[in-house]
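One chain comes next, on its own, written out as structure tokens in the form predicted alone.
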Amino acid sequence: MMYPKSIQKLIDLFLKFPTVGQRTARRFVFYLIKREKKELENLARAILDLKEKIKFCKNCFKPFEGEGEICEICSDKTRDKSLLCVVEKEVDLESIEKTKKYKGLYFVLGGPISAIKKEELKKLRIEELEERIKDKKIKEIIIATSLTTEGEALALFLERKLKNSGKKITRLGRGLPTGGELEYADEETLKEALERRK
């Protein structure tokens, strides 16, 4: 079936979103067609606000809104500056924060990646991470990648890359199911994984 150009254009844009296929993209578009113009204007404004108001922390790359170049976590004087938890994506950071168990700092790699290949690794902030861990206050690096095949491969890659840093390198404990995405883990499971890191 051929859709009018304006419908097809929006379907094509939604197809660029992670995990969105043809059927979901079409559903989004036909849902939007039925909305009031004011709702669509609010949606468009909210999307534009992402680019205008949201910035990335220069230390951890967490997106935030506010003054300065450092997010609320990195600027919090009560956080343990000796711990650095390396996560694949922003939602993983939020999942760990919800546990209220971890009080250290973070680093968002900017993943996930589909395979450990040179072109995939270029998408990650590996150089920025190497620069970040030069901070003498950091004593332990917690590699908190998902327990998917890709997440495990990435964790091994990071362990090799960082082994000469002079820092203690740990991984999340096995409270997490193998093949599981960090962002979908419940708070109790994440708490256990943090406590059992090794």
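A residue's number is simply how far along the shown sequence it sits, counting from 1. These numbers were taken from a predicted model, which means no experiment stands behind them.
Although it is not shown, the form predicted in complex with a further copy of the same chain is what the next lines describe.
Although the partner is absent here, Ala155 is not a contact residue: none of its heavy atoms lies within 4.5 angstroms of a further copy of the same chain in the model of the complex. At the 4.5 Å threshold, heavy atoms of Lys137 stay clear of a further copy of the same chain in the model of the complex, well away from it. Using a 4.5 angstroms threshold between heavy atoms, Leu147 stays clear of a further copy of the same chain in the model of the complex. Contact annotation for Val29: at least one heavy atom lies within 4.5 Å of a further copy of the same chain in the model of the complex. Heavy atoms of every residue among Val20, Leu43 and Ile47 are located within 4.5 Å of a further copy of the same chain in the model of the complex.
The contact with a further copy of the same chain in the model of the complex, taken as any heavy atom within 4.5 Å, belongs to Arg35 out of Arg35, Lys58, Lys167, Lys161. For the residues Glu94, Glu120, Asp80, Asp76, the 4.5 Å heavy atom test against a further copy of the same chain in the model of the complex is passed only by Glu94.
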